[in-house]
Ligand code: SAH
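First comes one chain, alone, set out as structure tokens in the form predicted on its own.
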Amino acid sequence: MSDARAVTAPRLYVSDALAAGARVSFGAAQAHYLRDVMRLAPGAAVRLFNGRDGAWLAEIETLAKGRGTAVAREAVQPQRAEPDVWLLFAPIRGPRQDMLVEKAVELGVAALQPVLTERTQVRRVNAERIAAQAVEAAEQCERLSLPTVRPLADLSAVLAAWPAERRLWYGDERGDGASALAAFSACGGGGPHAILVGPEGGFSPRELDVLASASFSSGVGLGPRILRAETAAIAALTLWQAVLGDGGLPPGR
């Protein structure tokens, strides 16, 4: 297959193993996308990834209503390790949370953890919807992996079980913390990290006291303006990736 096909072919996530000659199956939604949206037919090229075996160029073998198969032909990108950063966020309403999830995946988060805080207004999340959005975002942004989507949990329970080796950065609404850029720059290296953004009403004083007293967490500021939750998440992740992640590396490294 030509290099041009490897660049322009649609890109899909599959759960099947990928290797030369491996046959993979498409579900109803993927078959519909390839057949009815992209107007492809058997013999057309697709790019596949599964989060384990890198990216592969494959050839559509069969394509019918509700199902299809493809055969992996050649590896086009090896699997690589990605920065280990989690995003903890209080659920927010509708399209704003959709954008938060999409951009967090584009910015390389390894895990999405929705948390209930004392002032969280939205008390439920649709984990299946978040997982589906994560797949779509990963397909679009050329990621080779999917983030883990964890179930909604109380912030207090998450902090009680927190792994001590993972540094937690949280938005310090009191203004006591250093700027996020300065704090990340002074951190001195990579390792496992996590970013926590609060709900629309902010953290409660008690929650801020708990976070400030924890040995694994540090408060950071994101500037003089009040940011909405999704904006704060995007800003913090962007700064983290630029300083401690892979934000300075070119695509396809």
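Each residue number is its position in the shown sequence, starting from 1. Please read these numbers as outputs of a predicted model, since none were measured by experiment.
Heads up, the form predicted in complex with S-adenosyl-L-homocysteine isn't pictured, but that's what we're talking about next.
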Closest heavy atom of residue 57 to S-adenosyl-L-homocysteine in the model of the complex, within 4.5 Å or not?
-> no
Going by a heavy atom distance of 4.5 Å, is residue 108 a contact of S-adenosyl-L-homocysteine in the model of the complex?
-> no
Can any non-hydrogen atom of residue 229 be found within 4.5 angstroms of S-adenosyl-L-homocysteine in the model of the complex?
-> yes
Spell out, yes or no, whether the shortest heavy atom distance between residue 98 and S-adenosyl-L-homocysteine in the model of the complex is within 4.5 Å.
-> no
Stretch from 37-45, 59-67, 213-221, 22-30 whose residues place a heavy atom within 4.5 Å of S-adenosyl-L-homocysteine in the model of the complex = 213-221
